[in-house]
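This document opens with one chain alone, in structure tokens, the form predicted alone.
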């Protein structure tokens, strides 16, 4: 029972990352009709926002080491912490959460520039053209990041207060054997919060209602005198922000490198296809479902029977779902059928 509960937590944790990326992909496809293969690169850019903030905050200087009294010794301390010991130390420790303050405007700007500068020229082009140009853009972004940050993964640390593990078993009555990292629990809660915020924005705001109407019938909304294209451009920027925030908060779990976007790209598209192209609810449902399936497939008992099962299970599930429901779990009729 303990092992099963841990696998459920692992699956929900992975599913949160898949769902966030797939949600942004589905928003872009549902509003603009564009298959954006550069969306994984946006996830990676968000992660490197956290890396950049950490690098700036940890620029160090030499200060006297008071713990050594026999001779003068110096140690490297972040300048911010040396100037403001209490506040500076707090900011350095919480560099990942503080990275959100940079990631939101930066990712919004990247999304708007990408849509206005490139994507809008491919709205009416075949999906194959969209895939080629956005995949090429992803490679360009990847190589730029590799040039400035190198090819090696760059570890990021969670704040000290949540760097350990929580005794989940004691909270749910399963004993003291169920220990789970605090930051993974925080990431799960963060994922659910962002997903809830996106759905609330689309469901309960005037802007969101117009966007949903435009997703159903763009021409009719345009005839009402509403500049739906401008709203769709903003939605593209918001999708980039969602991907970037997912990347920022994922860095303490998975040290980012320039391949991070490609690692999640294929999986996120599988999630979108399984959920149903254009279905926001389907993307979220498939994200958590496939995260759980992959988690249980990674158990030692399963891999001892079928080695590498955790690497192929998502694609097997995708094949089965598409054989039974070609439009995905919650796909709309007519999407991708032209």
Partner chain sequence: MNKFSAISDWVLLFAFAAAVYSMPIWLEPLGADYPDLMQRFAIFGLFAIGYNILFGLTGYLSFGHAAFLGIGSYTAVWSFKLLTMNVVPAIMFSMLVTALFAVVIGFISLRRSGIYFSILTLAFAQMSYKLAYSVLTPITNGETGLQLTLSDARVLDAAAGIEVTRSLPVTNFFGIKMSGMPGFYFCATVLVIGFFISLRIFRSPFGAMLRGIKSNQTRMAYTGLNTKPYLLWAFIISGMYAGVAGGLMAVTDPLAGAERMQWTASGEVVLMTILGGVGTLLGPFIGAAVIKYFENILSAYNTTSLTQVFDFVPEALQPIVVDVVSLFVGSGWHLTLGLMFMITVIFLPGGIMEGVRRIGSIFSRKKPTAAITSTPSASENASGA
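Predicted model only: the values in this text are computed from it and were never measured. Numbering follows the first chain given and starts at 1.
Note that the form predicted together with the partner chain isn't included here; everything after this is about it.
Checked against the partner chain in the model of the complex, the residues 135, 106, 201, 94 give one hit for a heavy atom within 4.5 Å, which is 135. Interface residue among 113, 82, 186, 131 relative to the partner chain in the model of the complex, by the heavy atom within 4.5 Å criterion: 131. The partner is not drawn, yet in the model of the complex one stretch among 138 to 146, 82 to 90, 245 to 253, 205 to 213 has residues with heavy atoms inside 4.5 Å of the partner chain: 138 to 146. In the model of the complex, at least one heavy atom of residue 311 sits within 4.5 Å of the partner chain. In the model of the complex, at least one heavy atom of residue 265 sits within 4.5 Å of the partner chain. Shown alone here, residue 327 lies within 4.5 Å of the partner chain in the model of the complex, counting heavy atoms only.
The closest heavy atom approach of residue 273 to the partner chain in the model of the complex falls within 4.5 Å. Each of 307, 319 and 323 is positioned with at least one heavy atom within 4.5 Å of the partner chain in the model of the complex. Contacts between 23 to 39 and the partner chain, taken as any heavy atom within 4.5 Å in the model of the complex, involve 35, 37.
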